[in-house]
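Next up: a single chain in structure tokens, the form predicted alone.
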Amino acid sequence: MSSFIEKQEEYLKKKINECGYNVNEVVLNVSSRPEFGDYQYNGIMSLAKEYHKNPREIATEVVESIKADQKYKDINIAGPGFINITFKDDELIEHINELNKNINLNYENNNPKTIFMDYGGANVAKALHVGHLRSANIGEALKRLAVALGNKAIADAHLGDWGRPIGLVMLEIKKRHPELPYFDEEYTGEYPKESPVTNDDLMELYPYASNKAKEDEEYMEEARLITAKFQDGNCGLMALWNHIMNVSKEDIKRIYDRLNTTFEVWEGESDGDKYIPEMIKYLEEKNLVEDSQGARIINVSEEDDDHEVPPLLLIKSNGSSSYETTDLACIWERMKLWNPDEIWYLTDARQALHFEQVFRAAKKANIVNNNTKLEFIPFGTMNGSDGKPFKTRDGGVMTLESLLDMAKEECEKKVLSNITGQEREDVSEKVAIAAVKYADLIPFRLTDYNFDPVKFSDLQGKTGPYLLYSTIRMKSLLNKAQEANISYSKYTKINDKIDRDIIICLLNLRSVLLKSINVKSLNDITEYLYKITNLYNNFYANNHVLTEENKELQESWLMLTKVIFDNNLKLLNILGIEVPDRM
């Protein structure tokens, strides 16, 4: 099923072709001059170049042909050949009633895909910090958008669970508790079921061990050895690794749950590591592996490169696998287990070269199919209100939980005083998450931005709390109508310009959704949500819906409110924002 605008585009395409001008696609845009029409077609200039004719002449032919059908309230030509269209009220009214029956009309998809997404990257045994915020928010929203548009999406937390940070933690545990059986090479009994460390322990152990290793080369060498040992499958160290994984994963999940960020798969670097031997054997059989100064590499440069792309380092000179190899093995695993049509990676922009190397190697080795799309989706940084990276009072990197708590403390001030106890706690949390998420998704993903907890918790302006407050007010209006036994079953009357403006804004949703999924950014959706909510608030301020004496008009206003409410709920859900019952 096509959206309202897509149907108009198909009709216009048919009429242009009937006039003797071949077009493959017609795109209608919201008119830049509303006084001339609701939507505008700007493609006549391209046809004029192709057919060597005056654009106004072509536009006149098309418009006269359409006028004969009496399809539109008005159709006219502006400038050199821009075609402006004003829709009939009856068609707009019918569209609102269709949306009431099915709010998903704009989300139809005739070509669904399976998309594997990697937007986690949290390191086990380390606290999630503010740098993890954007990948979680953007990744989760893109996943929800992809699913809303009819695709299947599988997201992997892709934990950092196999490198030296784990070895450092293990070493420090050994230093402090050498009596534990995990470090006894001759131990043959069962290892303890309870973890010897809590998450609080891990939060202290890693920074301590990391700093010590930077100052003490002997300590660093011990960490290297213990890392190699557990990666080789030492029974005691693997038992300790499992404890560290379970304790850390539970806390990582807790923070992601606060952000409404979910993963279908909770794998890590260790899972990809299992596939490295068979993958390397495959790469060697295809004669893609070369020796280079004791290391093994895959050359991924291409003749037409306009920048240097170094070889992918497959095996280091000390025999260990590289970061690139682990990611290549993860693609190997993902194709083997899920065979997706596309794989999306979300990290900050600094990882661009890394993924270019990995993707080229995967394509060169035919690890992925020719039609499999590998996409790197970079994003900018989030800083404090002063434009500098978020820091703790002692100058350290701020944890993600501290940022959320800071936002919650500010948002709690906006919650009604008669909301108390656990409800106040829950509402403050939802408002805070809305503030953080909306602020994070407003800029185009590659744009750096400054987060100000006071500014972004405001109930006025372009903020998450403003959208929540407005959406709750819509729900309250509908509830009051129900309590007063005011029924409404369909939309029948467009009363004035503000009603029409809201409907025209609804018509544009499909193009907003498609642009967002194509450019992999949520800023168009956040802007759209603000625009349509602001339009509705202007409507609400100018009309007394519950006391309106004209029942046909009252019923239409309530139906319009319901459609906007349902539309807001769906879009807020795509952004990962929950709407409380009141605030």
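It should be emphasised that the depicted structure is a prediction, and the values quoted were computed from it without experimental measurement. Each residue number is its position in the shown sequence, starting from 1.
There is also a form predicted in complex with a small molecule; it is not shown, and the following applies to it.
In the model of the complex, the small molecule lies within 4.5 Å of some heavy atom of Thr347. Using a 4.5 angstroms limit between non-hydrogen atoms, Asp327 touches the small molecule in the model of the complex. Among residues of the shown chain, Tyr323 is one whose heavy atoms approach the small molecule to within 4.5 Å in the model of the complex. Taking non-hydrogen atoms only, Ser402 never approaches the small molecule to within 4.5 angstroms in the model of the complex.
Contact annotation: of the candidates Ser511, Gln357, Ser428, Asn123, the single residue with a non-hydrogen atom within 4.5 angstroms of the small molecule in the model of the complex is Asn123. Note on contacts: among Glu172, Glu269, Asp251, Glu410, the single residue with a heavy atom within 4.5 Å of the small molecule in the model of the complex is Glu269. For the three marked residues, Lys143, Asn339 and Lys373, no heavy atom of any sits within 4.5 Å of the small molecule in the model of the complex. Between 99-107, 114-122, 285-293, 462-470, the stretch whose residues reach within 4.5 angstroms of the small molecule in the model of the complex through a non-hydrogen atom is 114-122.
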